[in-house]
Ligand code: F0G
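The form predicted alone is given below as one chain in structure tokens.
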Amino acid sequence: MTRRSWAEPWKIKMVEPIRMTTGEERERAIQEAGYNTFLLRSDDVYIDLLTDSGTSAMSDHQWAGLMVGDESYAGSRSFHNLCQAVEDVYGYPELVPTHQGRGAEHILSQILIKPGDAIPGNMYFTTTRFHQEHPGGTFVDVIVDEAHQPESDFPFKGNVDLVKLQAVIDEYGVDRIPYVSVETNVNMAGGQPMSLENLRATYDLCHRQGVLLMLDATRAVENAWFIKQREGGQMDRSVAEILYEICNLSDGATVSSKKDNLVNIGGFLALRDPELAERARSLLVAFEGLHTYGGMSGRDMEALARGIREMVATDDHVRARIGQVEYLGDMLFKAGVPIVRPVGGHGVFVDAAKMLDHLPQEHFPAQALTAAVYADCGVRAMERGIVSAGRDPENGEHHVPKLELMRLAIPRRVYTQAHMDVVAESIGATYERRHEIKGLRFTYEPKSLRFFQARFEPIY
């Protein structure tokens, strides 16, 4: 039977106008922004693929939830609705609400990490590593080698290499490893999933040696979809069932609710151990807010509780969400643009090192490519390479990642396939003139998380 077309499992009820800028306007805007797309004004952006974080569209049911949010300072009804949603969908009995995911990372790191500790993980993420290093810990990468190979078709590039993990445990000792940090759908690897089999083996290894396993479950729904599609014996299970099992193979999780959970702000730390949760709540009151709202208003918590249930109500949502990402990835691949394969869950990652092979990595090819794509058509993407990796705090040298990528992160339920056509055409045109793109150098470099606010100029 011929494969039939599919359509998004929603219809548009409200629109927000966007403006197409001229080439001169874009050249001026990117220069004023110091060739950093984070510093562009949103009014100067035509199609915004900077991030999928907090940029998704909420449903009518979620918007209705804003009207009934309980703004009581303590014991909010909306907080209890959120607790129940997290327990029903993720399976964690203890909830610590935060303003967003990095708030949860901060609390978790502060209660568990001591100076000299090592935190093994399946590739770093920028804010996660910062929060692990800030109290004196050291992140150690234990992801499989295939994750660093953009052209590899390995289906689970987010997997933990168990030999590497055991070597870290042997080197530091279990007393110096507060937890193993495991990200679902690894962002910096190109939105790549880990298998259920590998997560189970990692969890078993940790528990045999008395080490906690903490998930970054921000994009666990997308990871569950890939498990359903790629892992043997999983096709007949729902995404909701797989998600619950993923979380069951952990001691807790940090979640930025601005992704899978379909809200524009919010997050939480979820735990199984009541004593650990109480330690987290004591810091929450100091850094975020009372333990029954954290950093969120009642209406935010109400919309979040509804978004958590909505994201797994059927598989149709995640099927369409990842289908749109694959649609863009397929067009770029057919146009000869080098991308990370297989196409990931939340975006398409262009291999900037290969596309701009005339630029050395210290000239920031991914940053340069991101600026060039914006100048072409007003599409805002994001650098994920040496700039994002930052510097070694000991010697001040650049961290030099093996991957030098430009990320096209697609918001959920926001853009149509026609927008993806425009993106593909713009990147295709940039690819044709790729040898004209010049490298960049810093004119301003922040000490931490430099990719947010750094400024650059071309190297002529």
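Remember, it's a predicted structure, so these values are computed and weren't measured experimentally. Just count from 1 along the sequence shown to find any residue number.
What follows is about the form predicted in complex with the named molecule, which we do not show.
By the criterion of a heavy atom within 4.5 Å, G101 is counted among the residues contacting the named molecule in the predicted bound form.
At least one heavy atom of T51 is located within 4.5 Å of the named molecule in the predicted bound form. Though the partner is left out of this view, N122 does not reach within 4.5 Å of the named molecule in the predicted bound form, counting heavy atoms only.
For the chain shown alone, K157 is not a contact residue for the named molecule in the predicted bound form, no non-hydrogen atom being within 4.5 angstroms.
None of T370, S250, N223, N187 but one reaches within 4.5 angstroms of the named molecule in the predicted bound form through a heavy atom, and that residue is N187. The partner is absent here; in the predicted bound form, the one residue of R306, R321, H106, R219 having a heavy atom within 4.5 Å of the named molecule is R219. Look at 67-75, 336-344, 132-140, 381-389: in the predicted bound form, residues with non-hydrogen atoms within 4.5 angstroms of the named molecule sit in 381-389.
If you take 253-275 and check each residue for a heavy atom within 4.5 Å of the named molecule in the predicted bound form, you get S256, K258, K259, in sequence order.
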